[in-house]
Each structure stands twice: as C-alpha cells, then as structure tokens.
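Two forms, one protein chain; structure tokens for each follow separately as structure 1 and structure 2.
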Structure 1
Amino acid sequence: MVNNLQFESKRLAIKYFIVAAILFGAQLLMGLIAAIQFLVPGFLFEVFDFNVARMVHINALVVWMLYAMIGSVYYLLPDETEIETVGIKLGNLAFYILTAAVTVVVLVYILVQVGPASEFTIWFINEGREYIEAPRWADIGIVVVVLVFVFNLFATAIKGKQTGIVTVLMADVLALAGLYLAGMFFTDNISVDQYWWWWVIHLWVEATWEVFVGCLAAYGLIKIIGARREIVEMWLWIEVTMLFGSGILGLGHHYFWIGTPEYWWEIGALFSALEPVPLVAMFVHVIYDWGKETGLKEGSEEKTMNNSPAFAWFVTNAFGNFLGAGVWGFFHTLPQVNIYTHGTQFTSAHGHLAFFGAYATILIGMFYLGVQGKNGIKVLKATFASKMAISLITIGVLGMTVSLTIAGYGQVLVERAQMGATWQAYFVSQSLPWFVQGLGWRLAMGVVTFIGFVFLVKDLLTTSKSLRHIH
C-alpha cells in the first residue's frame, strides 16, 4: 500500500498507532476473560487466574494509551513545527526497544505469572504496583525510552516553529515523564509507599493526560474543521491552568485512604468539585467552535469537515469525558462517600467510562487522522464499519458502566453500609442478585464492545479501499 506521509515522524507515529491498536485488542480480550471469571470463578483456574487477567487488562490499557499518545505527538509535530522531528532515528530505535520490552513483559505476565516474592520477582516478573506492574528492568527501560521521546519533542520544538499546542505539550510531557519516577522506589511504610504510587496514575489521569487530551483536541479541531488557532489555543491555556489547579489539589480526595491529615478531605472535596469545570468548558468549546466555523463558511463550497469518523470520536470524547471522568467520578470519589464506595464496582464503573470517554475516544480519533494522512485522503467519510465501530464500542462501554454501577450500588449498601465491610459482608454482597446480574450484563456489554473493536480494526485497515471516500 502506498504511504503518502512525507515526514518520517508521521511514519513512526503510524507504527505506534498499530501497536496501540493491537494492545487495545489484548486489553479487551483480557477484560472478557476477567468478566467471565467473575461469574464462573473456576474458569481457567490455576491456568490463567483472575489476578493475572486483571493485571494484563489494566496494564495493556495504560500501555496502549501511552503508545497512542506518543504516536499522536510524533504525528502532529511536523504539522505544528513545520520541520522533521529531530532525532527521528533515535525515536525509531526507541520504538523497537519499547515494543520488544513490552512483548517480553506481557509474555512473562502470561507464562510465568508469579515469582518467589524476593528481589528477583521485583526485578524480573512484576513489581506488584497496580496499573504499573512492570518489572524493574522494564521500568528503567521505559524511563530511557520516554527520555528519548521527550528529547525529540523538545529538540524539534526548539528548532522549529513553536505553536501554543507544542509549548503546552512540552510542559505536559515533561510532567508526565517526571511523575513516572514517583512510582519507581519503595518505602517500608505501605501508606507512604501508596502516597507516592498514587501520584503516578492519579496525577497522570487527572492532570497531565487531561492537558494532553486538550492539546489533541486543539490540534484535531484545527485539522478536521479548520477551527481558528487563536480560539482553540486560548482555551487550551485556560484548561491548562484549571486542570493543573483542580487536578493536583483535587487529588486530595484520594488521600483519605493513606493517612494524610484531615484537612485534605475538604481541600480534596472542594477541588474535586471543580475538576469537571474544565471538562464542561472543553465540551462547550467544541460546540461553540463548530457552530462558529460552520456559520462562517455557510454558502461557500468549501468542505467544513474533512474527517467524519475522527470528528465523531472527538465529539464522543467531549461527552465521554464529561460523563465518565465528571459525573461518574464526582458522585463517588469525595472522601465522605468514598469510604463506602472505594474498591467496589463503582470504582470499576467510573474507571471504564472515564478511561474510554476521556482518553480512548480521542486516541481512536487520532488513529483515523493517521489513516487519512497515510492513505492521502482529502475528505474521509464515515463508512458502515466506522459507524458500527463507534456505536457498538460506545454502547458497549456505557452498558458496562451502567451494569457495574448497579452492581456497585448493591455492594455499597449491603457490604459497606449495612454489614460494615467485614469479610462476611464481602461474600454476602458477592451473591446479591443485583450484583450477579449486573456482572452478567457487564459481560454481555463487553462482548458488544469487542464486536465494535473488530469493526474498528476492519475500518482502519480497509478505509482507503472504500469507494465512498472522496480523494
């Protein structure tokens, strides 16, 4: 197939997107296995236990998103800076090293699974730190690879044109890479250890990743509907200010569990309440820009949207971000409520919709921008497969979220509020009809999501061959 990309940086981005899509599929498969194990605990018992399926499910999620994020930066860099990415050969080398390392780590997770719980386990099997369980050798390797990426971004931005999007990305990626270090050392005190570990995932998802999404949304709006750079970059800066403020202090709502002083309850509660405001602003900005830009171009022959599938995913991002990170986050994470909801299926409901709505959607949108660029398509229109993909994946994830919320509600009332979070309470709640049926529906909706993923892959692979596209 002809590759229409002029920049090596964009070609590298496509490689990142391909691995990201493969890992996305692996994540969904592992999720399905774990969902079956909830209902049939003996399924693959002692062959592929729930803890392993869950670990690979979550780690594949984090890693595919990081792959897609790095790919997105390499994709947009030549457009923004107007030059080829500096150190692109190093970038290519880092890609192959990272992919080899990820493959080895996943194979160890699947084939070896557990170790002697000594230093050997920490170095070569897994570190046992939820969401970032990579063994220490891979941890260090990831830091090196990310440093190469950060260097490439900074060197290119300094040499080329420095737009607002690139400047925000520079600050954001530095924070994203730096925060990873907080999860790399151990302390003997589990509370202190958790304090640092929380910083990685929670400051990633509540601050740096959200700002990152803001950058992609700004770039995407300019590329897809020709939004004015002044407007989207102005919003980007406002979002940066608000997200760093609310994201960092809002993190206090988690501190309830790790023995920090009581004043964090109130600080965390207040700033958590403010966290959705930038998300609402982002949504409004999408409608406003879209309305203004279509309005400006009324009556002209010029196409106002040149990539319908990508735009559909970007709009889904605005809604999904608000619902998943906003509504589902706000109603169960404040400390006063979180004491009852923590670790129940509520957390899982929030996690599923937030990761999908806030991140997966916009990154899939970037996949479509990559396909458009690679195949040299001027106007990419939606196909049957792309409509099925977005519909089934969105319905599937929303369905999973609602099912898990119902299961979680039963769990909160019986396991936590009525029976006081005892061991017996846990087992009683696990057999509640609402809980069991909720998890049954979660599995069914997981299957719907997976079918949507199959349509997505088909569409991404065959989109250039469709006659409905206008070249």
Structure 2
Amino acid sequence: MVNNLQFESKRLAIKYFIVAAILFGAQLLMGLIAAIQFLVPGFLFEVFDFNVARMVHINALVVWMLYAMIGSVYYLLPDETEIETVGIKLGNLAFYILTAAVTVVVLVYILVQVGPASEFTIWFINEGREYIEAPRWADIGIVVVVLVFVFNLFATAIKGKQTGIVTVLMADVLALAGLYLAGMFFTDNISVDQYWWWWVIHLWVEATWEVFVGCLAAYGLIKIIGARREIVEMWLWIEVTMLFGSGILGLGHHYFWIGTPEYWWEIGALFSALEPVPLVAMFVHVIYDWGKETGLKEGSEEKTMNNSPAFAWFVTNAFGNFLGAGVWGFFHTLPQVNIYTHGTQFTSAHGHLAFFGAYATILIGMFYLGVQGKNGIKVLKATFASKMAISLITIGVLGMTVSLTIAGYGQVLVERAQMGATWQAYFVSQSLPWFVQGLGWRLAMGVVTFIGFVFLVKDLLTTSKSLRHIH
C-alpha cells in the first residue's frame, strides 16, 4: 500500500500507533481473563494466575497509552512546526529499542511471572509498583528513550514554528518525563517508596495527562473541522492555568488516607471535579462557532468535517472525560463517601470509565487521523465497522462501570457498613448475589468491549478500501 505521508515523523507515528493498538488488545484480553477468574477462581490456576493477568492488564493500559501519546506528538509536530522533526533517525532507533524492551518485559511477566523479593527480581522481573512495574533495567531504558523523545520535541519546536499547542506540549512532556525520574528512587522502606510512586501516578494521570489530552483536542479540532486556532488555544491556556487548581490541589481528595488536615478533603473534592471542565468548554465553544459560522454551509467542503470516525471519538472524549473523571470521580472520592468505597469495586468502576473517557477515546481518534493521513484520504466518513466499534466499546465500558458500581454497592453495604471492614466481612461480601451478579455482568460487558475492539481493528486496517472515503 502506498504511504502518503510526506514527513518521516508521521511515518514514525504510525509505527507507534500500531504497537499501541496491539497493546490495547492485550490489555482487553488480560482483563477478560481476570474477569473470568473473579467468577471462577480456579481458571488457569498456577498456569496464569490472577495477579499476573491483572498486572499485565494494568501495565498494558499505561504502556499503550504512552505509545499512542508519543505517536500523537510525532504525528502533529510537522503540522504545527511546519518542518520535519529534528533527530528523527534517533527517534526511530528509540522506537525499536523501546518495543524490544517492552516485548521482553511482557514475556518475562507471562513466562516467569514472580520471584522472591530480592535485588535480582527488582532488576530482572518487576519492581512491584502498581502501574509502573517494569524491572530496573527496563526502567533505565525507558528513561533513555523518553529523553530522546523530549530532545526531538524541543529541538524541533525551537527550530520550527512555535504554536500555542507546541509550547504547552513542551512544558507538559517535560513534567511527564521528570515525574518518571522521581518514581525511580527505590528504598527499603516501603512507606517512602510508595510515597514517591504515589506522586508519580497521580500527578501523571490528574495533571500532565489531562493537559496532554487538551493539546490533542486542540490539534484534532483544528484538523477535523477547521476550528479557529485562537479559540482552542485560549481554552488550552485556561486548562494549563487550572492545572494548578484541578490537577494538583485536586489530589487533596486522596489525602483522607494519609492523616493531613481535614480542609484538604473539601479542597481536593472540589478541584478534582473541575479537571475536565476546560476540555468540555473548549469542545462546546468550538462546536458552537463551527455550527454557526461554517458547519451548516452546504457545498463548502473545505470547511466541513473531514474525518467522521475521529470526530466521533473526540466527542466521546469530551463528555466521557467529564462523566468518568468528573462525575464518577467526584462522588467516589468525596472523603465522606470514600471512607466506605475505597478499595472496593467502586474504585474499579471509576478507574475504567475515567481512563476510557479521558484518554483512550481521544487516542483512538488520533489513530483515525493517522489512517487518514497514511492513506491520503481527503474526507474519511464513518463505516459500519467504525460505528459498531465506537458503539460496542462505549456500551461495553459503560456496562462494566455500572456492573462494577453495583458490585461495589454490595461490598460497601455489607463489608464496610454492616460488618465493619473485618477480614470475615470481606469474604462474606464476596459471596453476595449482588456482588457475584455484578461481576458476571462485568464479564459480559468486557466481551462486548472486545468485540468492539475487533471491529475497530478491522476498520483501521481496511478503511482505505471503502467506497465511502473520498480521495
């Protein structure tokens, strides 16, 4: 197939998108195995245990999103800076090193799985830190690869045109990479170790990733519907300003568990709920202007939507972020509620919807922008497969969220409220009909999500052959 991409940077982005999609599928597959093991604990016992399936499920989630984020930057850089990415050969080399390292790490997770808590396991199996469990050698390799990525971004931005999107990206990526370094400190004191791990994960997800999504939303809306740059960049700067309130002060909703003064509870709950507001505002403002000024004009092809599947995923992101990270997060993380819900399936429900709504959706939208550019499609319209993909994946994730919330309700009612969070209460709640049925529905909705993923892959692989696309 002919590659229509003129910039090597965009070709590198496609490579990142392909690996990201593969890891996305691995994440879903591991999630299905873990969901079955919740209902049938003996499933694959001592062959592929629950702790391994869960570990690969969570780490695949983080890694595929990081792959897609790096790919997205390499894709948008030539458009924003109007030059080829500086150091692109080094970027290609870093991609292959990273992919080889990730492959080895995943194989070790699957084949070796666990080991004694020793220096050897820390260096060669995993470090035991949830979400970022890469062994030490891979940790160091990831830092090197990320430094290459940061260098390429900064060198290109300095040499080429500096838009607001690129400027915000430069600051955000620097913070994202710097936080990872903070998480590499390892001490024998598990409290100190968890302290640094905790800040890395939460500042990533609730600060730097949120701003990153804002950059992608701004770029995507300009590319897809010709949104006015001054509007999207205005909201992007508001997002950066609010970062100090929503992203950092919002972390206060977690402080309930570490003994800080009570005023942090309200501060954290309020500001964490505000995190998605700038993104929703940006989207509503842009769509209002687009509909009023250009979108309703017939015959003006250059001003109308040129990538319907990507736009659909961007819409899902704007409101999925608000629902998952905002609404679901607000109710779950209020300290007065969290004392009962922390560590139950409520947490899992919030996590599934927040990660999907805030991050997965917009990254899938970037996949479609990549396919459009690679295949040289002027107007990319929705196909049956693309409609099935977004419908089934969204319904599946929403279904899992509701199912897990119901299961969590059973846990909270019996395990926390009635039986006082004792060890016996934990096991009693695990056998509750509401809990078991909730996890059964979670598994069913997981299957729906996976079928949607199959449609997504089919559409991404065959989209250039569809007659609905205008070249």
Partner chain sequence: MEDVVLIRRPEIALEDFLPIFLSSSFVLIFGLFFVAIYTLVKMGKLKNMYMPFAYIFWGLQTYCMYFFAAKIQSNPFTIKVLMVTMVCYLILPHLYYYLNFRSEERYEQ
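Numbers given to residues start at 1 and step along the sequence of structure 1. It should be emphasised that the depicted structure is a prediction, and the values quoted were computed from it without experimental measurement. Think of the rigid core as the biggest set of C-alphas that the two forms share within 1.5 Å after superposition.
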I need to confirm something. Of structure 1 and structure 2, which is the form predicted in complex with the partner chain? 1
Do you see a C-alpha shift of 2 Å or more at residue 189 between structure 1 and structure 2, with the core held fixed? yes
After fitting the core, residue 259 CA displacement of 2 Å or more between structure 1 and structure 2: yes
Is residue 335 one of the residues whose C-alpha moves 2 Å or more between structure 1 and structure 2 after the core fit? yes
